[in-house]
Ligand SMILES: Cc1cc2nc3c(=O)[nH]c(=O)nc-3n(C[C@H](O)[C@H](O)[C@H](O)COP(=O)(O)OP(=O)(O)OC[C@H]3O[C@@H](n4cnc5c(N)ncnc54)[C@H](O)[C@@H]3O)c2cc1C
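What follows is one chain in structure tokens, specifically the form predicted alone.
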Amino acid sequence: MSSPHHIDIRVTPEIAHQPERLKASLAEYIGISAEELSEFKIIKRSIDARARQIKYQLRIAYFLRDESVIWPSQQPKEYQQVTDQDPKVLVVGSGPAGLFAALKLLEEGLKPIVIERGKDVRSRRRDLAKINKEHLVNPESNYCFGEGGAGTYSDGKLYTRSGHKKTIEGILQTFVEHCANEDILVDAHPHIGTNKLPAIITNMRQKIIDFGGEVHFETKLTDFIIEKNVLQGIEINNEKIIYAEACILATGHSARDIFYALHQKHVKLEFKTFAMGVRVEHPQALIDKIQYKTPARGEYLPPSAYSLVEQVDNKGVYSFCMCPGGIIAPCATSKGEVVTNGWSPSKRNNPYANSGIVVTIDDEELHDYQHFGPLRGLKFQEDIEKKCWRLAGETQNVPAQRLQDFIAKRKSKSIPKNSYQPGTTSVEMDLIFPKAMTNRLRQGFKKFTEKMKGFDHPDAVILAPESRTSSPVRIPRLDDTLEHPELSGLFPCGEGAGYAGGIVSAAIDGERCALAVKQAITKTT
């Protein structure tokens, strides 16, 4: 049996997108004729735009003419059929942490009972339309709450800085098994796209059900049933109690009621440093011109992205969730607040590029909130969102300011056309954030413009607030068992608990928690 050969090669974008030309270039690079090359596949792909001549960096696997062509295959995961006789595990939340936890529980022969406060992935669309068009916020069904979690309708970026290569590959392969495009296995910065994710999430839900798990929508955790520091079960919708062997709490960083409920029960919580700022938007063509150093990117280059980070006053100012060809969305989860976030379709073909630009928030910003204890960051976050709602007109309009005007400390006389559908109101950012925050943002934007000439373009606009970057609360857990240190049976999980920062890292944490639950149940039986 022959294994494929591997080679790294740099080619122009035109060659990278034309198979026959790529085959000829590959053969020449190897030192053989094109006829001697049997088959090849791109297994890793990235763009190097540092030099004037932009190149694709490709890792290619190939076979020669006289070799047996047998491509390595990834075996699909095997799930066990479970019944009511198997140990039951509650999974609260159906975002990536919850879904991957449920699938891993099925691998381990445990019965997942997934409860989700929001609606199924397709029914959510009507509520999203109401936010955009009618400024109506459904507190249980919105961009943050519902099947698939916040990531489903806010981009689907799969890039992570986690160093666990095999684990990441396993997560991506699971997405592919549920009908994601195989390109996510190849691209250096994989991206599914908001338009593609609903079908994939639906397939995952059906897999859980087909193998005996349960998935319940419009089912809200309203209380924790605790006896002698052991979590026995949960109350749902203020009426029914569900008992289980363990509970994986994967509710996401916007489920504030969960933090308040735990705090009221005197369950230990911790303040966690987080980030907050604004969302900046440019014409995508401008970002392409800056990044690719060419007047137009042409047909063979994707809409360009950027990643920026600076230190101002010894604290980070950085880009977050950059969305090429994207849209800024209204992500409030309660009435009386506004929140922004960004997303892109799979083709990233909208005319704007947007990104969060945020600063680190620690106790220096929170000296007036110390009496809220571990919830001080959460209260600060809430107050900023409510202030933005008031200043912008008490609708889902958000405060906005031209970037040049923000840097110059002046109110914008007009706001350029942008992708935020509900609307914008001209508001000076200095009226929203503490002085130290706006200073760091202002200095950060100046430094970003030094790196990317033209970043402060007259049509660049900033919208506020970008406030849900991560959880301002951590639900502590033990390093070895992943169980809460004081409440047996509770396994805090994912972004909401403070242990992940994106789709892939949340999915990884979901799988880890499922394995920890399996180990805990095995010990007690």
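The shown structure was predicted, so the numbers you read here are calculated from the model rather than taken from an experiment. One-based numbering along the sequence shown.
Keep in mind the form predicted together with the named molecule is missing from the figure; the text below concerns it.
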Does the 4.5 Å heavy atom contact test between A101 and the named molecule in the predicted complex come out positive? no
Taking heavy atoms and a 4.5 Å cut-off, does T219 contact the named molecule in the predicted complex? yes
Is L105 close to the named molecule in the predicted complex, meaning a heavy atom pair under 4.5 Å apart or at it? no
With heavy atoms only and a cut-off of 4.5 Å, decide whether V517 touches the named molecule in the predicted complex. no
Is every one of S94, G146 and G156 in contact with the named molecule in the predicted complex, taking contact as a heavy atom within 4.5 Å? yes
At 4.5 Å between heavy atoms, only one of the stretches 172-180, 377-385, 267-275, 340-348 reaches the named molecule in the predicted complex; which one is it? 340-348
The single option of A246, L262, L403, A150 touching the named molecule in the predicted complex, heavy atom within 4.5 Å: A150
Heavy atom within 4.5 Å of the named molecule in the predicted complex, from candidates P399, G326, G252, P112, belongs to G252
Pick out the residues of 471-496 whose heavy atoms come within 4.5 Å of the named molecule in the predicted complex. G494, E495, G496
